[in-house]
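Here we start with a single chain on its own, the form predicted on its own, put down as structure tokens.
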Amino acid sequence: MRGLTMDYQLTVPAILRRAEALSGGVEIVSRRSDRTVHRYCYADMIRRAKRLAVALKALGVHPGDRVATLAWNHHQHLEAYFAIPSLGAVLHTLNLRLHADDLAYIVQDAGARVVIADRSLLPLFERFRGRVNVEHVIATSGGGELPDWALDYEALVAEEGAGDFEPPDLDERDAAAMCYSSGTTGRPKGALYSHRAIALLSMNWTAADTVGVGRRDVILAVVPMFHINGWGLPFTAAHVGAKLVLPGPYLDADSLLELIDTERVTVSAGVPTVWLDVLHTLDSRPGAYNVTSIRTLVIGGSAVPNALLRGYQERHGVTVMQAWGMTETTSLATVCPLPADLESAPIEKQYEWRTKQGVPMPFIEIRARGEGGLVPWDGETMGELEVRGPTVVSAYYNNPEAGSGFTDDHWLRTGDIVTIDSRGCVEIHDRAKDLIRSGGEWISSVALENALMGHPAVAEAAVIAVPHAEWGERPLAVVVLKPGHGASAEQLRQHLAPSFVKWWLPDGFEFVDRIPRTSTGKFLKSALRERFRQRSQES
């Protein structure tokens, strides 16, 4: 016998209806490309999103069609976030930091019919325009002339007819959005997200034992909207009716801190490299910005150094919460709030917990697999993390050959090497490809990096494997020092020595001005391995 509840569809239009009914007057703040600030409210955004949907339909966009966006975080991009899925089409966000060759492949592979691009990014689109079968290009306002092959976004949304828009009947399992992996290990792979996955992720952000986002929050959406749907924050903000702040193309520390200060931001999220820069600015210019409004910074994408957690908490009163997710999980899959029984524990015990990636979000299941099968939840035995749940993709778009990314019983293989403790708390020790195999034993580059970044002179550190004639591989540390600070290789080695066995310690240290990063802000270790592959052992 089936239950007698209503067959209510969890869709993006349902989120939009709630925002329209309950949060129309709540503010949305957006920084333009000329650094001026645009302000309007959810009622304005929804009206314009409906007009955009009508315009796209008039251009021949039908349910199931892909509409790509090549844009920074701003109010026009937000309108597209809701207009495209509400039309039944698929929001396809393009990573504007990828090479033009990768973008051409992604647009063609997805079969996008329309591209909505920032005018400032039209030169990037022009580099691959001749290699894609796009029918229409719509240019947002700001930055550059409008070429004759592009339509003006503002002219389209200025047309009347929004009141006539009615979303088609959508099934919550219909595709609403898609993103592609960054392609660091081969061709980018497409992840297709359902309306249901987006709705459930939005609700997961609001749970009391996750981040607890609510109507009283002011959300600064630092995560680029082209990266896993901005981790779902634009949809979550609309779902709860929270004030939303969009930073545009300016993700430097001063620009972000200015918005945090003036808009009284309470919640934000991003990768560690962004928040390391912000922390350095706060430390170097005490009193320049007021960050007392922030209750939580959610940081994911790579492991968070203990020094970053301590720096925010002890010097600025800001709580950092680690999280983990990936393109294939529609964003966050684990999050690490402090359990109730640790709230009165010694501070060192609290930091020990908070340096982990956390417990699974609601309806996400986890396990880890080693060479001998599934590993116990003992906090010690390492294995590759596998996950499943309603926000986890079951296959890659248009790529049947990528089936090796899933187990025979349909769990996603993440490529992250982890331990899981008795409470179900995940701790990432490395990416499988970044573990260092020395003399038949594993060395965690993440553990060494986090310890190095605890040195007062170190701004950033990445540890990579370099070939070694006797041991196979040995660790090499690549270090960026803070301005005005100095440290020798021997001083850094001595800093590590109390925390690691001798054979874990890096054989060499390279001091550089900058560590290359991926399109999503993570350290690009493949570039470092290529640069230093001939590095000989140092004593």
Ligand code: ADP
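In this text, residue numbers run from 1 along the sequence as written. Just so it is clear, the model here is predicted, and its values are computed rather than measured.
Not pictured, yet referred to below: the form predicted together with the named molecule.
Asker: Given the stretches 344-352, 300-308, 362-370, 287-295, which is the single one in contact with the named molecule in the predicted bound form, using a heavy atom cutoff of 4.5 Å?
Answerer: Result of the contact check: 300-308.
Asker: Do Gly325 and the named molecule come within 4.5 Å of each other in the predicted bound form, heavy atoms counted?
Answerer: Yes, Gly325 sits close enough to the named molecule in the predicted bound form that at least one of its heavy atoms falls within 4.5 Å.
Asker: Lys522: heavy atom within 4.5 Å of the named molecule in the predicted bound form?
Answerer: Lys522 belongs to the contact set for the named molecule.
Asker: Residue-level contact is defined here as any heavy atom of the residue lying within 4.5 Å of the named molecule in the predicted bound form; does Glu460 satisfy this criterion?
Answerer: It does not: once the named molecule is placed as it appears in the predicted bound form, Glu460 has no heavy atom within 4.5 Å of it.
Asker: Although the partner isn't part of this model, could you tell me whether Arg431 comes within 4.5 Å of the named molecule in the predicted bound form, counting any heavy atom of the residue?
Answerer: Output for Arg431 is yes: heavy atoms within 4.5 Å of the named molecule.
Asker: Looking at Ser202, Gln357, Ser194, Thr210, which is the one with a non-hydrogen atom within 4.5 Å of the named molecule in the predicted bound form?
Answerer: Spelling it out, the residue with a heavy atom inside the cut-off is Gln357.
Asker: Tell me, which of Asn450, Ser444, Thr414, Thr419 has a heavy atom within 4.5 angstroms of the named molecule in the predicted bound form?
Answerer: Selected residue: Thr414.
Asker: Does anything in 213-230 come within 4.5 Å of the named molecule in the predicted bound form by heavy atoms, and if so which residues, in order?
Answerer: Stretch hits, in order: His227, Ile228.
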